[in-house]
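One chain is shown next in structure tokens, namely the form predicted alone.
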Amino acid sequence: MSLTLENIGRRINKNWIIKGLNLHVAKGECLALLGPSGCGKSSTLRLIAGLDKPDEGTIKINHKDVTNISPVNRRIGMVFQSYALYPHLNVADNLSLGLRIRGVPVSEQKKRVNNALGLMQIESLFKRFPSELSGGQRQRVALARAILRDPKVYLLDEPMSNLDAQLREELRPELRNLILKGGQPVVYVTHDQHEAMAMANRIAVLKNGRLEQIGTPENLYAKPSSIFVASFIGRPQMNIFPDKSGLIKAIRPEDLKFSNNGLKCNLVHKEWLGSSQLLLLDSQNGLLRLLCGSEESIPEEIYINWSSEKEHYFDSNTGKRIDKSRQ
């Protein structure tokens, strides 16, 4: 099973909200769509689901053109940010409703619902109503409902954005194992780069409806293709400043080091992060961020340097990455 988007374009009035989008999600792969609000993430998901139709391009599921096939016949398993559970139905009825509508026999409904409850480890919740469930439990019910569709593709639209940070951290590995277990391609929409890096095999970074870069989390972090990706991937944000050669230089905060000489800086602010400290430094290159150990004693005036191997360069006009070997 696979999912392919070929030269997809979507226009509202005269404005292209998605343009020239090419993506391929292989069997058993999770691809995260990452980017700021309005970049086209959820719009792309709606096109895959068939809720909207592209103005150009082709969508294929397992090499079959489904561009003009109705949503109900695409066998898409969707999990929304809001979970979209029926408040007047208990968990069991929320899960069985779709099966009932599709005419699945009652005995088969019960068997499949029980299997989904067991897979999500929520067997004891089958009589509860959505208002009686925690956020994590509602998420499991929504995912169980998606599984019951026996989908060809999973589409997850910021499914954990309503959960607190601790619960998101606890559920990430479990959710990833569950959605990849069946071997279907998964498209995971999020604006949270940490979540994308934790959940996905590959990440597609979108900007203004266009693909900025696609690759593994490690590749995007180590070799961002543009200033946009460099500033979007990684927290704390990369240090970006003009270079003497007329290019743009970027260095990650963890790659800045204290020294006895080098670039003179004044401490502006520091944040204790537990295992580390984030320093905001004023320098001739502007404000810089530096990560250091939590036990470091920080004077008001310090000197820093960094290895040239840690430098990233970008064209000042296009914002695109420039290879050091070509300089």
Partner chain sequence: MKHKIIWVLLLVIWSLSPLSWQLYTSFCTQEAITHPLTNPGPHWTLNNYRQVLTASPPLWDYLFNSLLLGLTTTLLTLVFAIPASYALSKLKPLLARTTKIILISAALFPYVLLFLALLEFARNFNLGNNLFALSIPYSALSMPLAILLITSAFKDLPKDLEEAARIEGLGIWQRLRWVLIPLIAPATASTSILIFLFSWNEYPIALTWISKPELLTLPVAIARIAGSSIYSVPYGAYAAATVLGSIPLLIMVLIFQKQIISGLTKGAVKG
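Residue numbers count along the first chain shown, from 1. What you see is a predicted model, and the numbers here were worked out from it, not measured in a lab.
Although it is not shown, the form predicted in complex with the partner chain is what the next lines describe.
Highlighted residues 232, 241 and 257: none comes within 4.5 Å of the partner chain in the predicted complex, counting any heavy atom. At least one heavy atom of residue 80 is located within 4.5 Å of the partner chain in the predicted complex. The partner chain in the predicted complex is not approached by residue 57, whose heavy atoms all lie more than 4.5 angstroms from it.
Contact annotation for residue 49: at least one heavy atom lies within 4.5 Å of the partner chain in the predicted complex. Among heavy atoms of residue 76, some come within 4.5 Å of the partner chain in the predicted complex. With the partner chain omitted here, the record of contacts in the predicted complex names 144 to 152 of 165 to 173, 193 to 201, 144 to 152, 110 to 118, defined by a heavy atom within 4.5 Å. Only one of the listed residues (189, 85, 251, 214) places a non-hydrogen atom within 4.5 angstroms of the partner chain in the predicted complex, and that residue is 85. The single contact residue among 236, 71, 135, 182, judged by any heavy atom lying within 4.5 Å of the partner chain in the predicted complex, is 71. Contacts of stretch 210 to 226 with the partner chain in the predicted complex, defined by any heavy atom lying within 4.5 Å, are made by none of its residues.
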